[in-house]
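One chain is shown next in structure tokens, namely the form predicted alone.
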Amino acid sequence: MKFLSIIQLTFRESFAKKTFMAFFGISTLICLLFIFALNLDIVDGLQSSVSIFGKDVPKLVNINEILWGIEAAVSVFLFTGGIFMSLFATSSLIPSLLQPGFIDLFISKPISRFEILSGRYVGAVSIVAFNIFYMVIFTWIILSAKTGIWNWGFLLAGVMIVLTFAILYSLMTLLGLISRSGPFSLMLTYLILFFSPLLLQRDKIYALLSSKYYGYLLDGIYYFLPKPSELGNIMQQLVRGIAVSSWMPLWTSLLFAGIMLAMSGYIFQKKNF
């Protein structure tokens, strides 16, 4: 019950700061955008016409190909926009927890520091999960109702987006504890998002390195850091119903999150307030 109370308090703080309502409002706007932007007519199971924002989409023969193509594109949009919005909306939750008076109230109660930090982390992930699944399910219903085909794989996009956020937020949790600055932790996390696609092209960087040991270092950085770009690729494969080529980016990213949370828990336990 103490753990759930911290999660509930995190939701209340998000409501008080209007970040939850802003996130929810943007999510609703995106969903409504798909209702009015997408015009899809199906005749006898085949494409009659498809237009997005008034522009015609090249015709395909199979309605499943149309749906998978649209949903894959939509999932990428939701993945990119959802992650950026989610990180921005929750960047201040850990630093605000550490504010004098606020943290003193928590540690004065009969509750462990592990429960305080983990409750805050789970609360932030829960806020994001609510909004992301709202966007994904709403969009899924719109697309499915327009085509008559219910692609359950599209719902896995929501799972992958939330997992990717939870992985990245573990880093923000650690940075927030160390720096007590939401903008600082946000910028460094965005930096990871920026460099993730570049690390995928590291084989092209090897030729520019003066020593093979720099290549080993680059490989070490790649395998240690989270891999949001590749997680996005896994999401697309799940949406399209294609067999996932490799789960390595997911389990190494989850391992990174575990290390970040363990370090955060240790620092928070030893921190003097």
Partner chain sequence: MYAVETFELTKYYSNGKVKALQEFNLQVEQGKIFSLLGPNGAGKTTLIKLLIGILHPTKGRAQLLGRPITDYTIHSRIGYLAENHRFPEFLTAAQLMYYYGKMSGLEKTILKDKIPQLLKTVNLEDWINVKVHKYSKGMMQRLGLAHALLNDPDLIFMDEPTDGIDPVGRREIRTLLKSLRDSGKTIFINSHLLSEVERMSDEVAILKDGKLLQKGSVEDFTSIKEQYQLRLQDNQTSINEICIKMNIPLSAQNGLYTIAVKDTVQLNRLIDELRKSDTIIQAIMPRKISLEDFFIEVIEEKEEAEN
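Remember, predicted model here, so these are calculated numbers, not experimental data. Positions refer to the first chain, counted from 1.
One more form of this protein exists, namely the form predicted in complex with the partner chain; it is left out here, but the text below deals with it.
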**OP:** Consider the chain as shown here, without its partner, and state which of 141, 187, 111, 76 has a heavy atom within 4.5 Å of the partner chain in the model of the complex.
**Re:** 111
Original post:
With the partner removed from view, which of 192 to 200, 128 to 136, 156 to 164, 111 to 119 is the stretch that lies within 4.5 Å of the partner chain in the model of the complex, judged by heavy atom distances?
Top reply: 111 to 119
**OP:** Indicate whether residue 178 is a 4.5 Å heavy atom neighbour of the partner chain in the model of the complex.
**Re:** no
Subject >> Contact of residue 254 with the partner chain in the model of the complex (heavy atom, 4.5 Å) >> reply: no
Original post:
Is there any non-hydrogen atom of residue 262 lying within 4.5 Å of the partner chain in the model of the complex?
Top reply: no
Original post:
Taking the shortest heavy atom distance, is residue 148 within 4.5 Å of the partner chain in the model of the complex?
Top reply: no
Subject >> Within 90 to 116, the residues that have a heavy atom no more than 4.5 Å from the partner chain in the model of the complex >> reply: 99, 100, 101, 102, 104, 105, 106, 107, 108, 109, 110, 111, 112, 113, 115
